[in-house]
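The chain below stands alone and is given as structure tokens, in the form predicted on its own.
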């Protein structure tokens, strides 16, 4: 039986609970890890994971103008949002938008990466220049595109360039046919994200062994398309799959540029709104139907997850190379 003297002489480590011993480790080895990581982990849980769980919970309740509803409606919110033509039209059209923006961004990013990797001088400078737009806010870029480049007036940059070649002025953000606003949206997104994926692809290019190119030269392979097709592109397979997955996820999460370019104008068809913009109006608009908006957010998250998993399986992400 332990004496009072032995109880008083217990070490602080022995007095801790098993959970604390596991978290801090032997002799408090993990203490500084939690000191540095703990605040970020707490912020991530508080501002990301808790709202996600709360959104799923709200999707099963009648949550008009409240985040603490009591009227359980089951799957009625899901049936309502899936029966809304505006939501389904936005999903269908933005699947097509993904098919457009993903290959265009990948091709431009790969071209920039190949160009920068072949530079013999000032490579760091050009890498920084192409990456710099990534630091720009989507809202700021959308305003520049809307008010300066594609503003639709005679002295806008796009119409000025058209005038040099004898073209007439174009109302780029008008609802008339053809829908030129898609060109505005695609170009601003290309400018914003191409540099980021260029850096990822450039890192993949630098991992390709130089001996492969030397062996190709010995075998008589012509530099250019032949080397790119048989050596460079196959060696970029894993990096390309990761880039494409990120591009698809970002395409379905489009919000800022659409909201700032199109939301202030009237007359745009339902398919001109991405799902996130439509859900924003449903949840925070005049009706403030947080239940239906949360149900749409859950559906969109499930669609993104399914598309990502299917793509990963199709491209063989994580599969061991032969």
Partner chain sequence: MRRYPTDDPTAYAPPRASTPARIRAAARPSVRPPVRSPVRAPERVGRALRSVLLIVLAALFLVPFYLLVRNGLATEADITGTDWTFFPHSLKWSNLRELFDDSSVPMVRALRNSAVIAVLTTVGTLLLASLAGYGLARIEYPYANRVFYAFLVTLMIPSAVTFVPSFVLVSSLGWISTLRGLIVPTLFNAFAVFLFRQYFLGFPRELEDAAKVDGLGHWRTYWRIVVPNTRPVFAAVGAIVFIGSWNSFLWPLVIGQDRDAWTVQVALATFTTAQTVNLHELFIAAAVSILPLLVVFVVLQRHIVAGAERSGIDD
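As the structure is a computational prediction, the values presented were derived from the model and not from experiment. Rigid core here is just the name for the largest C-alpha set that superposes within 1.5 Å across the two forms. Positions refer to the first chain, counted from 1.
Keep in mind the form predicted in complex with the partner chain is missing from the figure; the text below concerns it.
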Only one of 252, 180, 106, 78 has a non-hydrogen atom within 4.5 angstroms of the partner chain in the predicted complex; which is it?
252
Would you kindly say which of 170, 100, 212, 115 lies with a heavy atom within 4.5 Å of the partner chain in the predicted complex?
115
Contact with the partner chain in the predicted complex for residue 155, defined as at least one heavy atom pair within 4.5 Å: yes or no?
yes
Indicate whether residue 59 is a 4.5 Å heavy atom neighbour of the partner chain in the predicted complex.
no
Classify residue 186 as contacting or not contacting the partner chain in the predicted complex by the rule of any non-hydrogen atom within 4.5 angstroms, answering yes or no.
no
Heavy atom of residue 126 within 4.5 Å of the partner chain in the predicted complex
yes
What residues of 66-83, in sequence order, lie within 4.5 Å of the partner chain in the predicted complex by heavy atom?
67
Core-superposed C-alpha of residue 255 shifting 2 Å or more between this form and the one not shown:
no
After fitting the core, residue 58 CA displacement of 2 Å or more between this form and the one not shown:
yes
